[in-house]
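As structure tokens, one chain now follows by itself in the form predicted alone.
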């Protein structure tokens, strides 16, 4: 084998290892995964902890934003999981709630907590098209699970009522969190933002309220 061939082989081998490491890092956060994987995880209780005390703070911030910014409004919760946000909302805080999630197992649990003003649907939020407009659209720990989070949010903005708001919660350790949050702030006006840190779990989240306006500002 010539020296040129050996060098080419070494280069290809190195490139292969590099690509493999990128794929491994991409998968390491366990978020960008198939519908079958999400279904299996919910069915086996992998995400039951989201209803526990350690997650209370961020759900409470989102519920507080809804009650303060759009009291009695209509809410669409994309990637709602087992309906934890609805459980955190006071009954006077919304007039209608719709939750969608990819996992049928998660929706089955959520429906146990439904009432006459709430609806849960098994649907892929990257394909779902709302049949009505909402005062609040929530993306709670879902954007880093999507292939094109910014384009997905842009599509849902069309389903907001005039003056409606977007609520986003992102784990700071999630895949591409900084890039997603930066893109959102460039596209939409920031109403308010809170960073939450749980010392016991050593994890933090950023909860942000946004409006689809051409300028930035707080209220």
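Numbering follows the first chain given and starts at 1. Quick caveat, the model's predicted, so the values are computed rather than measured.
We do not show the form predicted together with a small molecule, though everything after this point is about it.
Q: Could you tell me which stretch in 136 to 144, 112 to 120, 67 to 75, 86 to 94 has residues with non-hydrogen atoms within 4.5 Å of the small molecule in the predicted bound form?
A: Looking at the partner contacts, the answer comes out as 136 to 144.
Q: Counting only non-hydrogen atoms and a 4.5 angstroms cut-off, does residue 149 reach the small molecule in the predicted bound form?
A: Because no heavy atom of residue 149 falls inside 4.5 Å of the small molecule in the predicted bound form, the answer is no.
Q: If you check in the predicted bound form, is residue 42 within 4.5 Å of the small molecule, heavy atoms only?
A: Heavy-atom contact with the small molecule at 4.5 Å: present for residue 42.
Q: With the partner left out of view, is residue 188 within 4.5 angstroms of the small molecule in the predicted bound form by any non-hydrogen atom?
A: Judged by the heavy-atom cut-off of 4.5 Å, residue 188 is well away from the small molecule in the predicted bound form.
Q: Is residue 98 near the small molecule? Define near as a heavy atom within 4.5 Å, in the predicted bound form.
A: Residue 98: no contact with the small molecule in the predicted bound form.
Q: Name the single residue among 57, 50, 157, 194 that comes within 4.5 Å of the small molecule in the predicted bound form, judging by heavy atoms.
A: Spelling it out, the residue with a heavy atom inside the cut-off is 50.
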